[in-house]
Ligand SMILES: Cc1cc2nc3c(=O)[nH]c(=O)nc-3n(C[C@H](O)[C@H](O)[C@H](O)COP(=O)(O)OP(=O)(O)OC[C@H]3O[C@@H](n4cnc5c(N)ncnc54)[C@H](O)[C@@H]3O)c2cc1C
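Okay, here we've got a single chain as structure tokens, the form predicted on its own, with questions on binding and movement later.
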Amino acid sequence: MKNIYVLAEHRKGTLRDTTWEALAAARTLAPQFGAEITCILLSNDASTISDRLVQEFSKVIAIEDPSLETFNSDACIKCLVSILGDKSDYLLLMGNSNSVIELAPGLSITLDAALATDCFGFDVVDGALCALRQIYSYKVNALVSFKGAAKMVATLRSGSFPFTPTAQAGGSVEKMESPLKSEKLRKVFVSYEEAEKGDVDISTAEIIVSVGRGIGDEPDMDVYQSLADTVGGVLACSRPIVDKNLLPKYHQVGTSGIEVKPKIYLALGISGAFQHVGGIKGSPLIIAVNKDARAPIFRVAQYGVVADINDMVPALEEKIKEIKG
């Protein structure tokens, strides 16, 4: 593998975290293959974004075109083919966002490149790159090969590759002519439809106190909100809590809710079904409290406490307040 390319993903002129997570993955792989890392930026105005990119990438290839102001998979495929079409022996990394999920399959076919989606890790086996994925509804971790392909495309699960900024690259931008000027696209962007926002955004929280079925059928939610306030975090939950209308949908953590990556995730009375665990993969510290010692949540938690939630929570809040003085 001679080159690793990272597709910069942006929305409304702002770079998304998936760009930096893809760069973090590239940085772990590049030394093992002696590969160079290059960022690909497709935008209507590269200058608004490239200044930030060159701080972390030594080289940025940019294509500017009015059609690239908003995401369009047809436009992106044409641009990426113009950049990569005559190249071989490379890996293209992208975040596994909703946009990329649409883009990646068609791109891999057009480039005749091997594709692995929703990867949460990589390994090198006998000198060949392999990707870590989860199959059977997140129940099995699979190490998959690219079958010796020289051209590879991989999308990355959010939160799987923590990024540490350096701001020391001092890179340059190489602008390429747009291949879109004389072509009519099949798709037309209509508008953004933003999801309903609640009073909190758990996706950006650094500390999350999350509750599950184990808190009982008629719990006093103020008790758990008080604990969240005391530790300086936000209150979240697993799906059963939403199903009982104890908390709104935007508090739900999991693959069917919101994927989170807080610095600390405190799971109270959560059994640890694979749908929930899939949404907390990005958290470096998971603390679980459950009265069932065999609860699956303990398999992923760094710290586990087997205890009754009703006894544990008041004692924990009291101790935290004592420490805070």
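Everything numeric in this text was worked out from a predicted model, so none of it was measured. Rigid core here is just the name for the largest C-alpha set that superposes within 1.5 Å across the two forms. From 1 onward, residues are counted along the sequence shown.
Note that the form predicted in complex with the ligand isn't included here; everything after this is about it.
Among the residues 283, 271, 38, 43, the one placing a heavy atom within 4.5 Å of the ligand in the model of the complex is 271. Scanning 99, 178, 255, 203 against the ligand in the model of the complex with a 4.5 Å heavy atom cut-off leaves one residue, 255. In short, of 64-72, 23-31, 44-52, 255-263 it is 255-263 that has heavy atoms within 4.5 Å of the ligand in the model of the complex. Not displayed here, the ligand is kept clear of residue 302 by more than 4.5 Å at the level of heavy atoms in the model of the complex. Looking at residue 212, you'd find a heavy atom of it within 4.5 angstroms of the ligand in the model of the complex. Although the partner is absent here, residue 159 lies well away from the ligand in the model of the complex, with no heavy atom inside 4.5 Å.
Using a 4.5 angstroms threshold between heavy atoms, residue 60 stays clear of the ligand in the model of the complex. Scanning 297-325 for heavy atoms within 4.5 Å of the ligand in the model of the complex gives 307, 308, 309, 310 in sequence order.
The Cα shift for residue 290 between the shown form and the other one, taken after rigid core superposition, is 2 angstroms or larger. Once the rigid core is overlaid between the shown form and the other one, residue 60 does not reach a Cα shift of 2 Å, moving by less than that. Core-superposed comparison between the shown form and the other one: the CA of residue 254 exceeds or equals a 2 Å shift. In the model of the complex, the CA atoms of residue 158 and residue 275 come closer by at least 3 angstroms compared with the shown structure. In the model of the complex, the CA atoms of residue 144 and residue 255 sit farther apart than in the displayed form, by at least 3 angstroms.
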